[in-house]
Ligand code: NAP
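Here we start with a single chain on its own, the form predicted alone, put down as structure tokens.
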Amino acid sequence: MTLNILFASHTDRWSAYEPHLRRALDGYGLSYSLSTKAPPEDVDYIVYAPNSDVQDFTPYTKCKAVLNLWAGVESVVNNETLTQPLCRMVDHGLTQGMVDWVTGHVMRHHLNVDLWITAQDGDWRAGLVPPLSSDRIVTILGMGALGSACASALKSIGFQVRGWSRRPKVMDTIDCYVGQDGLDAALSGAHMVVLLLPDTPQTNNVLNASTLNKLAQGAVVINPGRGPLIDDDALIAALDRDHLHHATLDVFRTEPLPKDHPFWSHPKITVTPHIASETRPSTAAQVIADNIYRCATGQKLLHLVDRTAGY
């Protein structure tokens, strides 16, 4: 039986993904038709980007799974027409990219690299030696695939790493917290906080005036997760009164970040344009092919989204 697979994304992504998808699918010996257009009633699987033209899933009566190209599913999970199983993207390329970005910025702030880049003025500034990594507490909010990988990487360097999640998580050598009481404990006295939570009603403004106050004086906020996780006004206020030393932000409530947004001009904020980690076609294609093969052979789909939790 030939499987009909619809690639539903921006047209410029087709050329990047097509050869990798075909190679991965061929590796499983599947008989398939892969295209950007197909009669909805014939489609078995949708390889999906939430910003594609497919917004009404009702006509896709044969569809067995919607395979998201992105790690985030907040823009599709509440689509009332989506009754098919939804799988989020979890692949090692995406994970490695996030580990690289998070580790780089944690080390940047740990070593106060910005100071030495800008302070080339002849002043020797002796004595400004950074503490050891073992003297720094880094809290990671969100202990899914990305958060857990970042936690392990930072722990291997020597940082005191705490993790917090909405559901219980156990990791060797990492102090893991859960629930509201756990959030307070995870943030208390932390020198850096990295946000890798999904965007749900429960995580909206998880960093606010109250929770920011629990961080150590001079703490750093690093957000490669989702823009709505932070109360923007509370963040700016904490920076302005010097409770926070800096914020490095890769995601925002509105993207692209408007040119007149105060984040651009704030001296204690670094803006990066949602580049912390990108889905790589070569590795993502293998994840998609794996799931199609599993479903076609009666196995359980991987990375299924829990609709009630929103991720």
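Numbering starts at 1 and runs along the sequence shown. Computed from a prediction, not measured in an experiment: that's the story for all the values here.
This next part talks about the form predicted together with the named molecule, which is not shown.
The named molecule is not drawn, but in the predicted complex it has no heavy atom within 4.5 Å of Arg136. The shortest heavy atom separation between Ala185 and the named molecule in the predicted complex exceeds 4.5 Å. In the predicted complex, the named molecule lies farther than 4.5 Å from every heavy atom of Ala247. Contact annotation for Leu94: at least one heavy atom lies within 4.5 Å of the named molecule in the predicted complex. Of the candidate stretches 60-68, 47-55, 26-34, 270-278, only 270-278 has residues whose heavy atoms lie within 4.5 Å of the named molecule in the predicted complex. Taking a 4.5 Å heavy atom cutoff to the named molecule in the predicted complex, the contact residue among Ala216, Ala145, Leu239, Cys176 is Ala145. Among Val102, Val193, Ala151, Leu196, the residue placing a heavy atom within 4.5 Å of the named molecule in the predicted complex is Leu196. Along 162-178, residues Trp164, Ser165, Arg166, Arg167, Lys169 each place a heavy atom within 4.5 Å of the named molecule in the predicted complex.
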